[in-house]
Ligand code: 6LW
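As structure tokens, one chain now follows by itself in the form predicted alone.
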């Protein structure tokens, strides 16, 4: 069969994977967005369904406010041992309480996970390794060596001395370590070169856990650097063996476009076949990650597909929000109210440009070519009140169509923020409290329109995609399609009710139906 990369589209970086029988579980980084650490399930490695989050309660930890796209939840690892799932990760913050490396555990990955157990150890990108003798080990990224310490998971304590394992092959930022044991060898897989164009995987091995580790003679074992392939920046991988003895890697990658190359969907999850019939594994196509792989190793696999992958509809009539919705930072539940049909957002004093908690829910943009519609009911009677539909990279890079009260009048506006530059590019008086907005995207523009009284779509503005790309204004995340309300200096007097949200995505060259 043939399968296409990415296997999980949109902002799903830093994948880690484990297998339990015929079931596969995968986690991804979430940075400043809440709930934290996406967890997905599959039976065939290609089709995935999100089943929950490892961080789902405000009481579990505090996400650091003030800097978007490069703080929060970095690089989780998931492992299964003796009937328990463990997820270890870093909360990158300002070194205040609740920051640093921690793990959570559960017996039901689709249910609630434990409160965090914080570990007094430096670095990022933590990983667990369980040896044949039953001992458990913690691995972390040092400066620059990858290091190892024994851990007592019942007590939540690191024990023994710090053992330095390997510093890589000389590339920048040796990180993302994972350790595997095969045929009496300990294999250490890491990433080097940074998570941009020079990203690569390297490997070393040793007969003894403590080393010394000898590097693979064919390092890097995987990279797409300096190649004009549809997928770039590949790295940060984790290996898994299926029930038939076949090996696979999940890794992150980007799908850039234009020149110079740029990307707006974030780092996505890829699947790579691995040939480990020799002493060293061979990843993908002689170390390259392709957009399409053909393999006979996945025949007869059961499919479990996330229905929201290509299209999604939500009238917000369910008791709980769909798992695909996120908040910025830990949500203030006073800003949200569930209606019989719809969700009501009560804007606080903040603005959309503030890197703080606001009334905002968003879903990842998963396709370059997409169409989003939503209906908004908003009385909008207090000066400065605002609610609308936004395409959002971070607080300094976003476009939106919104209803706003200006000089005592209710107006429909289109705005853009690019860095410190802000501009209202369209403004018209708006009669009536309800409006339907539409956002369309392609490789060049984000286009906004509204449904007029004649049932036709009137365009109100567009913004270039290039200004909402990682290369221009982002760090580690991708773009979100968001619904928001804000008071711009004072709390909103009116709630903004959103309903009938729809999203349709398509591959380049296809047409929406």
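Given the structure is predicted, the values throughout are model-derived calculations rather than measurements. Numbering follows the first chain given and starts at 1.
Although not depicted, the form predicted together with this ligand is the subject of the following passage.
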| property | result |
| --- | --- |
| Partner-proximal stretch of 365 to 373, 112 to 120, 414 to 422, 74 to 82 relative to this ligand in the predicted bound form, 4.5 angstroms, heavy atom | 74 to 82 |
| Heavy atom of residue 400 within 4.5 Å of this ligand in the predicted bound form | no |
| 4.5 Å heavy atom contact, residue 450 and this ligand in the predicted bound form | no |
| Residue 178, heavy atom within 4.5 angstroms of this ligand in the predicted bound form | no |
| is_contact(residue 124, this ligand) in the predicted bound form, heavy atom dist at most 4.5 Å | yes |
| The single option of 148, 151, 252, 358 touching this ligand in the predicted bound form, heavy atom within 4.5 Å | 252 |
| The single option of 93, 224, 195, 394 touching this ligand in the predicted bound form, heavy atom within 4.5 Å | 195 |
| Heavy atom contacts to this ligand in the predicted bound form at 4.5 Å, residues of 1 to 16 in sequence order | 14 |
